[in-house]
Structures are given as C-alpha cells and as structure tokens.
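The same protein chain appears twice below, in two forms, each given on its own as structure tokens and labelled structure 1 and structure 2.
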Structure 1
C-alpha cells in the first residue's frame, strides 16, 4: 500500500513536475478552488469541489485545428501540431473522471478526433474519492458514486481520519505515475476513510423514458422562463462538448479555430437566412435535457451527465439539471396516478 501524508500533495506535484509531467491540481483562486496548472509555491486545496472541470485541459476552450497560407496564387495548408504535454491531473473528482469516458465516445464517433485522443493518451487522471458532498451533488442518481473509478488511472483516498492518503494505481499510466512519485510515497498500512454519502435524488431511467414521450410538454416552457441563456452551465459541465468552427486571418495567412459553444445560446442554431429552429429558451432547455438524458443514451448507451452539480452552483437563476430531473420525476409520478 502506498501512503502519502495529507499535507504532502504539493510535494507529490513537485516530484511529478520534476519527472516531466505538467501537473494539474485543485488550487485556490480567490474565493474559489479551480483546476489549474500547478506551479511551485501554489497550495493544493483538495477539499471543495473545483468550480471548473478537467475537461478544458483535454478539450481547450479555443484551439487552432488548421493553418493556411497564401503566397501569390499559391494556397497551402500549414502544420497545426497538437499541444499534448504529458500531464498528471491530481485529485480529480470521480464525476470528472467518468466524464472523460463519455467524451471518448463523442470524439471517436464516426470520426477519430486526433487532438482529443493525443491529449487523452498523454493524461493520467488521479481520482480523489469524495470524503464530503454538498446538496448539489447527485452522482448516485446517474450511475456514479463518490468512490467510483470509471475513467481514472489511479485513485487517492483519504485515510486515518484524513491525515493520510492511500494512492493506488489502476492501470499502466497509474503505475508509471506511482513509479515517478516513489520519492514521496511510503509503504505502510492505513485505514481508508468512508466515502461521502450522496442520496439518490431522482430516477434517471424514468427521466429518459419521460423525455421520449413528452417532447411537447408545457414543463419545457415553465423551465425556459427561468433560464437566462448565459451558458455557464454548459461551460462548467464536464460532459458538454458543443463547439463551433471559425476562420480568422489576414490576406496572407489564416487559422481555423474550434471554440466552445452551447445549445443554450440563442445563436447556436440560427441559420444564415435568419431562421432559428429553437427560437426560445424553452426549446433550448429542452434540447439540453433531451441531449443529456435521451439522445446521448440512444446513441452511446449512457447518460451525458455525471452528477457533479456545477450547473446548480454556478447558475445565476439556480436552474439545474438535477432540479429539472426531479420535476420531471414528479410530473411522471403525478401522471401515473
């Protein structure tokens, strides 16, 4: 059993950085804790759930996917190498690690996305078993758990009353990380602390079934009235993956950019002629819920939600997927009476 003192996470980060890893960890940013690239001197705060997800380190908010040049009448593509540094993500939440498995399906569906796969292969995810959860956590409602291992390459677990961590490798990448960190790890015994208790808040299978039968439900209109269309839920979500493509350039050179986007924004589906098939927030909120709980299930066999609760914590209107699913569950039960 590999043991690490609870206050030695920065030492672990330093050893991994010295071994050639870019280290990403939860660090305090003012009043928030954010997943960010670790640098010497930064304290690692593995207590609160980070405001952002690990998604942005594998699927950047904006990235160059192609370059072009024009020299006279000669037009030529230019190299656009993928930035995929060897990365260790420390204390990533199980809901975030599970989200990477969902995104693997998206970025390898009918077309293999080389940028995603290069970063995924270069990244080692060290999941932290959640010792505490708040009222917005709902991983157990969508098939997860505070100590789930899906998507993780290694697992950190609090032990001996949070005075130590147990670090366990789950695969080859995890074993390589443990070998690189041997200088700060000790062999020994420790008693694992119990994981957080997260109650099941709704029946996700019932939500999937209800969505398939209630496309025109007035509930979508009621939900849409509360939505501000700001997009914060999608940008914080570890599974949301919508993007658009834009070209920017001069007379002699140009780049093609892939930028995050979301179905919650008014212009997301607007056609060049002005028509918008989702003209209001009710239609856009319906799309968001249907995609996560119906369309993704039909295409990939799983949900596009891992229960992290960030949408609830960051929404200025307090409109969250978990709340919507509870309302759908209540509507279903009322209709069954």
Structure 2
C-alpha cells in the first residue's frame, strides 16, 4: 500500500513537477479553493469542493483553433499547434473525473477533436474519494458516488482519521504517476476512512422519462422567471461543453477561437436575420435541463450531469438543478397517484 502523510500533498506535487508534469491541484485562493496550476509555495487544500471544475484544463475557456497571416486582401494558413502538456491533476473529485468520460463521447462523436484527445491522453487524473459532502452534492442521484472510480487513473483516499492518504494506481497512467512519485510515497498500512454519505435526492430515470413528455410544461416558465441568464452554472459545470467560434485579428494576423458558451445566454441561438428559436429564458432553461437529462441520454446513453452541485453553489438566484429534478420527480410521482 502506498501511503502519503496528509500534509504532504505539496511534496507530491513538487516531485511530480520535477518529473515533468504540469501539476493541477485544489489551491487556496482567498476565500475560495480553485483547481489551478500548482507552483512551489502554493497551499494545496483538498478539503472543500473546488469552485471550478477540472474541465478547463482539458477544454480551455478560449483556444486558438486556426491561425492565418494576413497581407492586404490575401491570407495564408499558419500552424495552430495544440497545447497538450503532460499533466497530473491531484485530488480531482469523482464527479469531475466522471464528467470527463461524458465529454469523451461528445468530442469523439463521429468527428474527433484532436485537442481534447491529446490532452486527455497527456493527463493523469488522481481522484480524491470525497470524505465530506455538502447540501448541494447529489452524485448518488445521477449514478455516481463519493468513491466512484469512473474516469480516474489513480485514487487518493483519506486514511487513519484523515492523517494519511492511500494512493492507488488504476491503470497505466496511474502506475507511471506512482512511479514518478515513489520518492515521497511510503510503503505501509493504513485504514481507509469512510467516504462521505450523499443522500439520493431524486430518481434521475424518472426525470429522463418526464422530460420526454413535458416539452410544454409550465415548469420551464417558472424557472425562466427566476433565472438571470448569467451563464455561471454552465461555466462551472464539468459537463457543459457548448462553445462559440469567433475570429479575432489585427492587420497582419487572424486567429479563429473556440470559446466557452452556453445555451443559457440569449444570443446563443439568435439568427443573424433576427429570428431566435429560443426567445426567452424559459426556452433556454428547458434546453439546459432537457440536454442534460434527456437528449444526452438519447444520444450517448448517459446523463450530462455528474451531481457536483457547482451550479447551485454559484447561482445568484439559487436555482439548483438538483432542486429542479426533485420537483420533477415529485410532480411525476404525484401525477402517477
């Protein structure tokens, strides 16, 4: 058994950085803990659930997808190389690791996204079994668990009353990481602490079924009234992957950029001719819930939600998707009686 003292995560980060990994870890940033690139001296805090998901290290907020040199009215394509550094993500939550598996399907759906795949290939996800959960966590309602291993290449687990971590490799990438970290790992024995307990808050299958029959439900209107249309939920979500493509340029160079975007914003579907198929926030909320709980299931055989709860923690209007799902579940049960 490979053991690491609980206060030695920075040592683990340092040894991995020395071995050539870009290390991403939960780093304290004022009042928040965020997943960020670790640098010597930064404090790693694996306690709170990070405010951002791990998504941005595999699918950046903004990325150059094509590049051109410009000369008057003519232009010529230039290389736009993909940046895919060898990366170790420490203490990624199981809900985030599972989300990367959902995104694998999107980015390889008939057309393969080379950047996504290169970064996935170069990234080792070291999941942390959640020892604590908060009121917004609902992984167990969407097929996950605080100690789920889906998507993880290695697992960190608190042990001996949070005084140690047990580090276990789950595949080749995990083994390579353990080998690189051998200098800070001890062989020994420890008793794993129990994972957090996360109550099941709704029946996701019932939500999927309900969505199939309730495109016209008044629920969407109610949700739309409260929503500010700010888009934070989608940016914080580990599975939301909608993006925009925009050009930017100077006289001598132009880049084509892929930027995060979301169906919650009014301009998302606006046609240049003026028509907008989703003219109000109600239609956009419907899209958001339907995409996660119905369309994704239809197209990829799984949910586009892993229960991390970030959308609820960040929403200025306190619109929690888990609460919406619970209402749907209850409405369905009431209708069945």
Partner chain sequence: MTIAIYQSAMMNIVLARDEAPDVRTLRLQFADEADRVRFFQKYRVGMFGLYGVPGAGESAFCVASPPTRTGYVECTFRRTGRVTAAIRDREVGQAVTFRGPYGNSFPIESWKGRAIVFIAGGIGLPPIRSVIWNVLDRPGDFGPVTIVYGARTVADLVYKDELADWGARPDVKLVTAVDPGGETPDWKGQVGFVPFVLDHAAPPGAGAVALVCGPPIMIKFTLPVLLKLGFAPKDVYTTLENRMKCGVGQCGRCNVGSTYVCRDGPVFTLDQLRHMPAADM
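Just so we're on the same page, rigid core means the largest C-alpha set that superposes within 1.5 Å between forms. Positions refer to the first chain, counted from 1. Because the structure is a prediction, the values reported are computed rather than measured.
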So which is the form predicted on its own here, 1 or 2? 1
Quick one: once the rigid core is lined up, does residue 251 have its C-alpha move by 2 Å or more between structures 1 and 2? yes
